[in-house]
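Take a look at this one chain, the form predicted alone, written out in structure tokens.
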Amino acid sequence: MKKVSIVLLSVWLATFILAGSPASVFAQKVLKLGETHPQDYPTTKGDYEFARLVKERSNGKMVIEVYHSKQLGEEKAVIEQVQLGAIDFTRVSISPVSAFVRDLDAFQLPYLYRDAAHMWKVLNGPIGQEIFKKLETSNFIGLGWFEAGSRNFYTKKQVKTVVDLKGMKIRVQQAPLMVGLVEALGAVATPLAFGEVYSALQTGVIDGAENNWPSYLSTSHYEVAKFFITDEHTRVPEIMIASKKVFDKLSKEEQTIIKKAMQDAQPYQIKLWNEFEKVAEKTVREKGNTITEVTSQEKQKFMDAMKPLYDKQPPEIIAVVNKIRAVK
């Protein structure tokens, strides 16, 4: 009798545990986020803050796992997997996403924003929301934006002027607009995956590339391209996108939690970015790399060289440009 009672008690306890345990254990949704940058990069830390807020606000019912350092693949491949629903989220530059929403070409045009504050008013305002709506037709959900600073050229030989770039092979992101930007400066645009840039610089396949201070340091590109020019030709923000196929299966409450978490992670990432940008510049200078500061007169020459690129843009892109410039 005692044995029977013990067995019944065990069954009852097991049933109680399974039925009464927190949903976070037995109904937990685990979602994957693809990230190209290393674990300690400001953008990746922004991903982790986003994931933390989602887990906290869903009481553990949703867990976002961040796969940093290209563990899930290069940007283009991950974007395609997000579109198919095989990967749930990815944080990427807007350049490859422009293949799906042409209006994003306008966001990347050189010397478009007056400063960072102007860019954020555009991204967090009605213009940014319009982009999110257009992303849905390609099976993406736009969740928010991250800071990526201004982009500059770095090369294997010193560049002081626009003329110095002529004929140089410069790596660009795999986006037509970035190709056009480099070609407008008289250089030879060479599209390459981000992970291939170091070896291409090292072996002479390319003469230079362009990116921001933190990426110049974190990728170790400063080791093989020791000359950096502060031309600040573009501000290309980052975007967090979700798979619409996955997102549509979530409850309204879960969708709200995710969107608000990304919104609240943004200022955290911007703060980290601004801090790291200063550290990256200081570190590179201390390593003895040659930094060429662009004068206002020379920067105007860079800006003037962009006129043919703007002239090539279709009316719908120029319409977006005009809306961006009108934001005060």
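Bear in mind that the values here come from a model prediction, so they are computed numbers and not experimental data. Residue indices: 1-based, along the sequence shown.
Keep in mind that the form predicted together with a small molecule is not shown, yet the notes after this line are about it.
Chemist: For the three residues 37, 212 and 238, verify that every one has a non-hydrogen atom within 4.5 Å of the small molecule in the predicted bound form; reply yes or no.
Modeler: Judged in the predicted bound form, 37, 212 and 238 all sit within 4.5 Å of the small molecule.
Chemist: Where, among 125-133, 81-89, 166-174, 240-248, do residues come within 4.5 Å of the small molecule in the predicted bound form by heavy atom distance?
Modeler: Stretch with heavy atoms near the partner: 166-174.
Chemist: At the 4.5 Å heavy atom threshold, is residue 233 in contact with the small molecule in the predicted bound form?
Modeler: The answer is no: residue 233 has no heavy atom within 4.5 Å of the small molecule.
Chemist: Quick one: does residue 194 come within 4.5 Å of the small molecule in the predicted bound form, counting heavy atoms only?
Modeler: So residue 194 counts as contacting the small molecule.
Chemist: Considering non-hydrogen atoms and a 4.5 Å limit, does the small molecule approach residue 207 in the predicted bound form?
Modeler: Although the small molecule is absent here, residue 207 would stay clear of it in the predicted bound form, with no heavy atoms inside 4.5 Å.
Chemist: Even though the partner isn't displayed, in the predicted bound form is residue 75 close enough to the small molecule, meaning a heavy atom within 4.5 Å?
Modeler: Answer yes; at least one heavy atom of residue 75 falls within 4.5 Å of the small molecule in the predicted bound form.
Chemist: So which of 155, 93, 98, 108 reaches within 4.5 angstroms of the small molecule in the predicted bound form, heavy atom to heavy atom?
Modeler: Answer to the contact question: 93.
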